[in-house]
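What follows is one chain in C-alpha cells, specifically the form predicted alone.
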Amino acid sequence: MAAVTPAQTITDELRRWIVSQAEAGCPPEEMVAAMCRSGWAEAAALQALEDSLRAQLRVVAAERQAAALPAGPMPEPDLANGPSLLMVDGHPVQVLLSMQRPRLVLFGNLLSADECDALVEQARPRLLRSETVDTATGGSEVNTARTSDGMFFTRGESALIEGIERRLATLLRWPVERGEGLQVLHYRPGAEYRPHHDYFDPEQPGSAAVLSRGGQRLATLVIYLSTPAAGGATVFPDVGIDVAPVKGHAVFFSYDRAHPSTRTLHGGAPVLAGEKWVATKWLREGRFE
C-alpha cells in the first residue's frame, strides 16, 4: 500500500475526526470518499483510516485493562449534593465546573487576591529555573519541556502557607501531611509546560526513589495567582478542555492509577502576554517526607 505523502500527513485532528466518524457509525467507504474529495489519494486515505482505527483500538483495550484495577481512597471535594458554593473554614469557594472523566473540578475564589499577592511575594526571592523528575534516577533535571521558574515551600513554613494548606486539606478531604509542599511557578511571555502526566510511572527506574517518600501522586491542584493578559491556559488534550488562568481560581484533577486512561494529560500553554503565577499542590497516597 502506498505511503502517505508529506502533503497528506495524518494529523491528530484527522485521527480524532476518523475516530468520531467511526463511533457515529459512518461506513469506512464514506470516510474514504470524504477524504478523497478533500484531496487525499485513495490509498493514502485507506492507510490513514486503518492506522487511526488500530491506534484507537489499542487505547480502548488499555482503558479496559486499567479500569479493572482496584482504586483506594482518593482526595475528593464534597460535591454530593451538587453545590455551587462551599464554605471551607469560613471561606466561600465557588464550584464552577465538575467532570467525572477525567475527575476534574474548577473552583473560583479558592484564594483571595491578597492571599495570591502575598504568596507571590514570599516566593519571588527564591525562584530558580523549574526542573522535572529524572525518570532514570528519581532526581531532578532541567527539561526543555518546562520553561518556567519555580520554588517549593515546606509544609507549614509560614502562617500564610499553613492557612492555605489547612483550607486545601478541608476542601479536598485529604490530610495536610499527605501533600507535597506548595510549589510556586512563574511563567514569563513564551514560557510553557508541554503536556505531561503528574503520576510517577512505576516502570521507570527512578520512580522507586520518589515513591518511597509518600507513595504515588493521586491528585493535582493548580491555583492561579495572577491573570495573564493572554495565553497560559491549563490544557487537557485528551478531552479538549482549556482552563483559563484567572487569579484566585484553581483546577483540581485526580488520577486513581498511574495510567493514561485517567485522561489527565495536561500542560501549560505558552503565555502570550503578561505573566502567569501559579501554585501547585500534589497529593500523595501516604505521608510525604
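Residue indices: 1-based, along the sequence shown. Since the structure is predicted, the reported quantities are computational estimates derived from the model, not experimental observations.
This next part talks about the form predicted together with a small molecule, which is not shown.
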- Task: Answer yes or no: in the model of the complex, does the small molecule come within 4.5 Å of a heavy atom in every one of Q183, K276 and W282?
- Result: yes
- Listed range touching the small molecule, judged in the model of the complex by heavy atoms within 4.5 Å, from 166-174, 93-101, 184-192, 120-128: 184-192
- Message: With the partner left out here, check for me: in the model of the complex, does some heavy atom of R213 sit within 4.5 Å of the small molecule?
- Response: no
- Message: Since only the chain is shown here, I'm wondering whether V222 would be in contact with the small molecule in the model of the complex (any heavy atom pair within 4.5 Å).
- Response: yes
- Task: May I ask you to check whether H196 falls inside a 4.5 Å heavy atom distance of the small molecule in the model of the complex?
- Result: yes
- Message: Using a 4.5 angstroms cut-off on non-hydrogen atoms, would T234 count as touching the small molecule in the model of the complex?
- Response: yes
